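Just one chain is shown here, as structure tokens, and it is the form predicted alone.
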């Protein structure tokens, strides 16, 4: 039985990297005595798939991973058992049973929504909200992105799906698929370059609000939170 688990990551836990989070949940699942499925062979491990990795230092209200279980009482019982094994800063928000034909969490990711704020004392001078709005409305936003082997320049605009500026916060939905994988810091770095600003690495406070999969509906791409795939029982 395939299970999708949504969790939040806040406080000091935001400094735990992706690989350590995987190990954390493997141990938590054992502590919670979940009847999880293991792979075969000489080195069995839990069948587990995380969605888009979260950068160190970022908080989130929309993280996901999938596991397979041999048996369980119901979704609420599994949620309570896992929460009883969680440390401060990690909370299980939902547990869903996935259809047999559902793709795994990592392969399903299409987009992610973030809330970005400037930390106090790091805000740009002047009406930065209006300037940023005009920057995001451009038809073409050329940026340079580093890969493992080189640097490449590309148009960022097609990877920005939506944005809204509310007071001193920016709500930004970007491509988070394996082929896109746009980080909010890249968007703000491009904005800073366009205004000849230097952003400190501590300037931004970033929270992932949700992670989405997508489907086509009436010729349009519709984004769906990953926990809307599946059902409770």
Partner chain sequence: MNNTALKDEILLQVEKPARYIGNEINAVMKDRNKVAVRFAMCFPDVYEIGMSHLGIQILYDMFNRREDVWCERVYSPWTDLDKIMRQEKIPLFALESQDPVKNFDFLGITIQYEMCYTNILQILDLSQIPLLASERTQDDPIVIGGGPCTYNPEPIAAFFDIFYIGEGETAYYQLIDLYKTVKNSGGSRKEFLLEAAKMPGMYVPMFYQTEYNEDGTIKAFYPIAEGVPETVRKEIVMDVTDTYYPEKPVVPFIKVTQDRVVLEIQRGCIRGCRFCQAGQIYRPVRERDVETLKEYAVKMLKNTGHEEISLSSLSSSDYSSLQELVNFLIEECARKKVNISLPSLRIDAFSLDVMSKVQDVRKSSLTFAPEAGSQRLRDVINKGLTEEVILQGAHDAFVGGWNRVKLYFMLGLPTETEEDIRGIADLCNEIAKLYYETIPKEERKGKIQIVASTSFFIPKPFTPFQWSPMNTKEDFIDKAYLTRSAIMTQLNQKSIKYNWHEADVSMLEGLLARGDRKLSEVLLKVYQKGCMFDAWGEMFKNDIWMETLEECGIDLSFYTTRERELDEILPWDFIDCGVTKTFLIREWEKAQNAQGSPNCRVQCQGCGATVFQGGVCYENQN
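Quick caveat: nothing in here was measured; it's all calculated off a predicted structure. Numbering follows the first chain given and starts at 1.
Not on display, but discussed next: the form predicted together with the partner chain.
Could you tell me if all three of 149, 154 and 159 have a heavy atom no more than 4.5 Å from the partner chain in the model of the complex?
No, the whole trio is out of contact, none within 4.5 Å by any heavy atom.
Taking heavy atoms only, is residue 181 within 4.5 angstroms of the partner chain in the model of the complex?
Residue-level check for residue 181: no, no contact with the partner chain.
Is residue 101 close to the partner chain in the model of the complex, meaning a heavy atom pair under 4.5 Å apart or at it?
No, residue 101 is distant from the partner.
Against the partner chain in the model of the complex, would residue 56 count as a contact residue? Criterion: heavy atoms within 4.5 Å.
Contact check for residue 56: yes, within 4.5 Å of the partner chain in the model of the complex.
Using heavy atoms and a 4.5 Å limit, would one call residue 33 a contact residue for the partner chain in the model of the complex?
Yes.
Look at the stretches 60-68, 182-190, 162-170, 24-32 and give the one with heavy atoms within 4.5 Å of the partner chain in the model of the complex.
Flagged stretch: 24-32.
Proximity to the partner chain in the model of the complex, single hit among 129, 138, 87, 80 (heavy atom within 4.5 Å):
So the residue touching the partner chain in the model of the complex, by this definition, is 87.
Output the sequence-ordered list of residues from 40-58 with at least one heavy atom within 4.5 Å of the partner chain in the model of the complex.
In sequence order, 42, 43, 44, 56, 57 come within 4.5 Å of the partner.
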